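Form predicted on its own, single chain, as structure tokens, below.
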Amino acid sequence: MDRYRPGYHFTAPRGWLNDPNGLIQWQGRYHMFYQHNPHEARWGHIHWGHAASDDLVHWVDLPIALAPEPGAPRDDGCWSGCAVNDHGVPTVVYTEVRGGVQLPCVATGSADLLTWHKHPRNPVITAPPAGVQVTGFRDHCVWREGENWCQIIGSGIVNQGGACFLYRGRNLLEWEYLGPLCAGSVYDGDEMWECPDLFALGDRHILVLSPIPLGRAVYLAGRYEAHRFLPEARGDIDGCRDFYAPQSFVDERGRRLMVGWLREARDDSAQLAAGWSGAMSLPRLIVPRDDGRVGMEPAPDVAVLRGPRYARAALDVPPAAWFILDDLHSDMLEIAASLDPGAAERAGIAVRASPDRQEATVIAYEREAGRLVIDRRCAGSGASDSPTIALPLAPGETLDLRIFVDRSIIEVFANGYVCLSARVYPVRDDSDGVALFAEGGTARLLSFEAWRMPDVMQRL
């Protein structure tokens, strides 16, 4: 088996995986569709892969849902979209490319979601908005609004920035253009907003975007009024480019759950040799917070995976030394820890660490900058940057971490609203240790628990 293949994060049986699509709970069972090239571990010839789960963590492969049709003009792939319950009929809205133009299409499924039929009236929107020079026209978010359906389509306007175009329809086949839901730049230089996701959260609406060329997932918080979205604040869904194109849905318990694509951070030749590429994040629970931030935590369902428990008593972590947990070694872990940074300039936890500290992935809180970092400069053979995300701790506030280690995946959740994910590829066989550290002052570990996690995927 490939030593970097995750054991409890979803991966396709073989080939390429990217954006999660069509997340839905149908008749009690969770379904996840995804962008998929079943032929090789590179982007292209895109199908809709399909998997299902009864508990959000144990996934079963199902037959491919949508495939490109041989011959022009439909041989370019079946691109990203969403799934809805259309009066008892499972339906997906997705993008096809015809004559070089990206256009919305519809397919309906059987009662068990195993057989899908593209609608003969496709495409259901025949062109981007008239008079607008777009940089793209793809990726769909669809919802009910009174007696009508609404959808937004990801796009961009030449020399103006990213955009989401809003449509309304009596059904999923006939659409009226209502204008741009929102347009502009989240960060300087936006060209295209991919994978838009609009939903109500508490007393506000959240618009999740994956802007190009930024290349990571962000959100805007604001008001949705009169068919326009008015942003009032912004934040990060994840601070690393390795997490991208998330999609959310509401399950039968009323929870909003989100899954994102964890893309590779190693070169193409390594992916092709491995025969697989890409993984899905763990499901994230999205909740409102009193401070206005978007709350994000690992879904409680993930706890079913916990194996033997390891615990450590509170202790001081002195500066300029690593406190190695000699009896905790694994490349598949969940860690829950609370740390008081104290006077330390930098403090945290190292995972996938070799005994001599020459190879390690370091999860650090930097006090002066008020940020969380995954330092992978010595993590192995893949990317060597250090993704960061803002995490300003209030006086007396502790650093509360949930860390998931799954071979080449590190997912970090902090203080109920910060997420930072990264792909790492340790070279050494003994890079499976865990250590505590502090620099520039003493920090204090307040609590520490860890659980070994099982391999539930058992892939190649």
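Not measured: the values here are computed from a predicted model. Start at 1 with the first residue shown and count on from there.
Not on display, but discussed next: the form predicted in complex with beta-D-fructofuranose.
Looking at beta-D-fructofuranose in the predicted bound form, do all three of Trp26, Val142 and Phe249 come within 4.5 Å of it through at least one heavy atom? No residue of the spot touches beta-D-fructofuranose in the predicted bound form.
Residue (of Thr91, Gln151, Ser80, Ser155) lying close to beta-D-fructofuranose in the predicted bound form, criterion heavy atoms within 4.5 Å: That would be Ser80.
The single option of Gln35, Ser408, Ser421, Ser431 touching beta-D-fructofuranose in the predicted bound form, heavy atom within 4.5 Å: Only one option qualifies, and that one is Gln35.
Although beta-D-fructofuranose is absent from this view, report whether Ile403 comes within 4.5 Å of it in the predicted bound form, heavy atoms only. Ile403: no contact with beta-D-fructofuranose in the predicted bound form.
Contact of Phe165 with beta-D-fructofuranose in the predicted bound form (heavy atom, 4.5 Å): Phe165: no, not in contact with beta-D-fructofuranose in the predicted bound form.
In the predicted bound form, Asp197 touching beta-D-fructofuranose (heavy atom, 4.5 Å): Because no heavy atom of Asp197 falls inside 4.5 Å of beta-D-fructofuranose in the predicted bound form, the answer is no.
Consider Trp43 of the chain shown here, and say whether it contacts beta-D-fructofuranose in the predicted bound form, taking contact as heavy atoms within 4.5 Å. Yes, Trp43 lies within 4.5 Å of beta-D-fructofuranose in the predicted bound form.
Options 431 to 439, 392 to 400, 43 to 51, 58 to 66; stretch whose heavy atom lies within 4.5 Å of beta-D-fructofuranose in the predicted bound form: It is 43 to 51 that comes within 4.5 Å of the partner.
Can you list, in sequence order, the residues from 236 to 254 that come within 4.5 Å of beta-D-fructofuranose in the predicted bound form, counting heavy atoms only? Heavy-atom contacts to beta-D-fructofuranose in the predicted bound form: Tyr244, Ala245.
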